[in-house]
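Consider the single chain below, provided in structure tokens and representing the form predicted alone.
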């Protein structure tokens, strides 16, 4: 099922992180994914609309339905889309496990950074596959926190990162789910299956990319879990504070490097 507990929270800073992250990763995540004019596309877990805007901009003329279980996130998403002038999208407050959708209604389904927050990702995928028309496609994008590497790495920065991972796992979710994407899709009965890693490496030869990866994606993502991490005593407060400082400093260190891998799975319904 989907729970209301979201490790990153619903703050304005988290909204900013999601919006900045989507733009930095746009070409990496969306390259090779396009939908014909008139296609009925379902975006599952649209959040604050960061990916919604990219889907609409890169796929003009689609008929998009974007759903999320957070009414506050949907409000922000709707506002962003309206401000951008798009009208070909319907926002719905839905939990995919409620199974309220008409079978075979959609030509394509897009899911980005959602399965990691579900307790039953395979069951969700099975329900979603029923919503595809025969031959319809599904695209899934997930990260793998176990792939995260940076230099210089300090004990405090690693403790802060591990605090995020453990915090999410305590909620019954999986921050390393990207490396299980192929197995999950197979278990859900998805056909014409293909999974590829989407890797990012940056060092001081590309300082803007390194700074964006660290200070617009990674450090804010770790910081977003602060409340849960400190409440559960997962990291000592002094170490937590130093860990965030050390992680952020990677972007300006002459030796600074960062590596991470997302995974993109694509498949279809055959019958």
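Positions refer to the first chain, counted from 1. Only a predicted model underlies this, so the values are computations on that prediction, with no experimental measurement involved.
Absent from the display: the form predicted together with another copy of the chain. The rest refers to it.
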Exercise for the section: With another copy of the chain left out of view, choose which of 95, 146, 79, 88 has a non-hydrogen atom within 4.5 angstroms of it in the model of the complex. Expected result: 146
Problem - Sole residue of 179, 73, 137, 154 within 4.5 Å of another copy of the chain in the model of the complex, by heavy atom - result: 179
Handout entry: All of 35, 100 and 104 with a heavy atom within 4.5 Å of another copy of the chain in the model of the complex
Key = no
Practice task
Using the partner position in the model of the complex, report whether residue 170 sits within 4.5 Å of another copy of the chain, counting heavy atoms only.
Solution key: no
Exercise for the section: Indicate whether another copy of the chain has at least one heavy atom within 4.5 Å of a heavy atom of residue 183 in the model of the complex. Expected result: yes
Practice task
Indicate whether another copy of the chain has at least one heavy atom within 4.5 Å of a heavy atom of residue 162 in the model of the complex.
Solution key: no
Exercise for the section: Please run the contact check for residue 15 against another copy of the chain in the model of the complex: heavy atoms, 4.5 angstroms, yes or no? Expected result: no
Practice task
Specify the contacting stretch among 129 to 137, 192 to 200, 114 to 122, 79 to 87, defined as having any heavy atom within 4.5 Å of another copy of the chain in the model of the complex.
Solution key: 192 to 200
Exercise for the section: At a 4.5 angstroms cut-off on non-hydrogen atoms, which residues of 57 to 83 are near another copy of the chain in the model of the complex? List them in order. Expected result: none
